[in-house]
Ligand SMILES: C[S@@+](CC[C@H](N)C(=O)[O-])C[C@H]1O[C@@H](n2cnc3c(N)ncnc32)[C@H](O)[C@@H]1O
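Listed next as structure tokens is one chain, alone, in the form predicted on its own.
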Amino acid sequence: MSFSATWLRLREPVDHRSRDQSLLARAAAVLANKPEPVIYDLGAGAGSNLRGTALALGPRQRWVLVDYDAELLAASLEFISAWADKTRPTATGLEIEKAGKLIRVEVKRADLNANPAPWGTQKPDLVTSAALFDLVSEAWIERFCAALAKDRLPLYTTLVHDETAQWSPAHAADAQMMEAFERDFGKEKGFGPSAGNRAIGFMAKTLASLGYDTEMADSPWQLGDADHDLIVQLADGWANAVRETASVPENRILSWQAARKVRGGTCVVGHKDLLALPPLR
């Protein structure tokens, strides 16, 4: 399972404006008393979650970006360096300054399917991710939650898909495309059958059963004309996914796809953010 750096950069500003700010503030409060909190970012991709989170945290931070895709990890260092006010290479990544904050960044290539707890004995102060858990299986989520609870670690995850996209204006193929897309979304993506829009609720329920205090907040993409390039990419992605199911005639897919690329359309993609705190000792 991997995504292009181009796609990740295109969605980044929408991801950042969509996350729930009050839940982000509460996640930041969890780390407020840590002089240099260690944050493990799972499925870090090109580092967007760091750029969307770090400015809400304290003056010193250490991030470990975990991904299986070595090219994306290399891209993450390039993008973070370009984002920073100052940057210095280190043996394991970068040390940057941004808006008065000193942030040490490490990259770690790891197979999360084989090991959902890549921190090992180096327990972080926070585990985080963005747009990851809807792509994994319920069985993997159970393994991950068990590892999290074993080490009593807090989790802050954002932008987990929880509702099928709603497109406007309406098109005659909408219902057929939606059903086929969701069927394809549930296919294997490297972590077993994808939990899709069930993932965030299942994760919250599983962590609650382990004694965690969980809080969710909506973080939908609200895409309009200013987001036209992302809408086009999203429509193309839907069309290709639906083709994989072989359940919608090609002429119907093409008609829907063309309609979605016309300027002036909108799309709302449902997501949720989750903050989960371990029980007090």
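Keep in mind that what you see is a predicted model, and the values were worked out from it rather than measured. Numbering starts at 1 and runs along the sequence shown.
The form predicted together with this ligand exists for this protein as well; it is not shown, and the discussion that follows is about that form.
J.: Does the 4.5 Å heavy atom contact test between G52 and this ligand in the predicted bound form come out positive?
T.: No - in the predicted bound form, heavy atoms of G52 and this ligand never come within 4.5 Å of each other.
J.: Is there a heavy atom of D69 lying 4.5 Å or less from a heavy atom of this ligand in the predicted bound form?
T.: Yes, D69 lies within 4.5 Å of this ligand in the predicted bound form.
J.: Although this ligand is absent from this view, report whether Q61 comes within 4.5 Å of it in the predicted bound form, heavy atoms only.
T.: No.
J.: Going by a heavy atom distance of 4.5 Å, is A130 a contact of this ligand in the predicted bound form?
T.: Yes, A130 sits close enough to this ligand in the predicted bound form that at least one of its heavy atoms falls within 4.5 Å.
J.: Which of these residues, L102, A147, A110, M178, gets a heavy atom within 4.5 Å of this ligand in the predicted bound form?
T.: Here the answer is residue option A110.
J.: May I ask whether G45, S48 and L135 each come within 4.5 Å of this ligand in the predicted bound form, counting any non-hydrogen atom?
T.: Yes, the whole candidate spot contacts this ligand.
J.: Looking at heavy atoms inside 4.5 Å, which stretch does this ligand contact in the predicted bound form, given the options 110-118, 166-174, 179-187, 82-90?
T.: Comparing against this ligand in the predicted bound form, the contact stretch is 110-118.
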